[in-house]
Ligand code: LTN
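The chain below stands alone, shown as structure tokens; this is the form predicted alone.
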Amino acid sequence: MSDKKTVFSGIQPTGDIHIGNYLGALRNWVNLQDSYDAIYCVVDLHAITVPFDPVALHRSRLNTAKLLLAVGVDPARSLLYFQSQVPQHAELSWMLSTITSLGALNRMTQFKEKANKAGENLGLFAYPVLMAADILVHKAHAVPVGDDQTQHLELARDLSERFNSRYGEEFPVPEQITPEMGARIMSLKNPTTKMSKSDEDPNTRVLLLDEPDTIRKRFKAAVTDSEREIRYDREEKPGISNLLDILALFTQRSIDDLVEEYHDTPYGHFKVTVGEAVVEGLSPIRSAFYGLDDEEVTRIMVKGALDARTRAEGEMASVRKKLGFDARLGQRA
């Protein structure tokens, strides 16, 4: 096993992965592969907590895996697999649920938001416990998450400390990794809210696989403000500030440099510039995605699941022993 600390993260299977997901999470995943023992997961068990079509889910799982490979997640440097193919996730989730208070779950804002749209169910309510198990089953030291997942990570931290206190030292307390830029890419139509897969208006986001003309059109229609100058001010100019964030991340330039260059540029021209930078930045990802063979990707994910099960089983042996489930009856330490 590597001497590096372990980083874990997961993404729900959907073909609607947008630039907010890429800039805020997936690009960070790629960068972390060299400095951490990286484990990444398509969290398909989480996906069934809301109404879904099994046929569509089957396809979207594979497409999500292909997108992860296309953005640069490298199976030679990372462990990549489907969550549902590693049963230790669900096993540890049940164990952790017995030390999770209902009060903690009732405070989860995402449950309230999703329950209003999809209806309440036990899986949705216990979603954060499964997320904690995803992290702790690999004894992850760090988790790259956005602001909207901070509450869930705090529960994982609390559960690791509670388990360690009650049953003996077992889990590291995972730290949060949040990128300095890109953690909150906002909607193109309402720049005071985060870009979202679930927004009913497709013009609020740009998907990684969108055609170049679609990307250009959505940036041309992006909301700005009534002023004329290009400057960075999240409170007074959220639309322009969001576009500056996107341009900075796709061009690897600082906000200050961009403001200096484009300060007097008309908004229409500036939006075209941002759109072209995104088209250029996403072009290699689209090419890589469409160049991937479905059967080869399936083979990669099956191998990843086998390796993940082996690793998770090694970790769970110690957990079971601490709970009194040691297979060697009568020999509990």
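These figures come from a predicted structure and were not determined experimentally. One-based numbering along the sequence shown.
This protein has a second form, the form predicted in complex with this ligand, left out of what is shown; the following refers to that one.
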Would this ligand be touched by all three of G10, H46 and H152 in the predicted bound form, meaning a heavy atom each within 4.5 Å? yes
Using heavy atoms only and a 4.5 Å cut-off, determine which of Q85, N164, Q110, N121 is in contact with this ligand in the predicted bound form. Q110
Which one, M95, L258, V143, A126, lies within 4.5 Å of this ligand in the predicted bound form by heavy atoms? V143
Using a 4.5 Å heavy atom cut-off, indicate which stretch of 70-78, 258-266, 208-216, 133-141 touches this ligand in the predicted bound form. 133-141
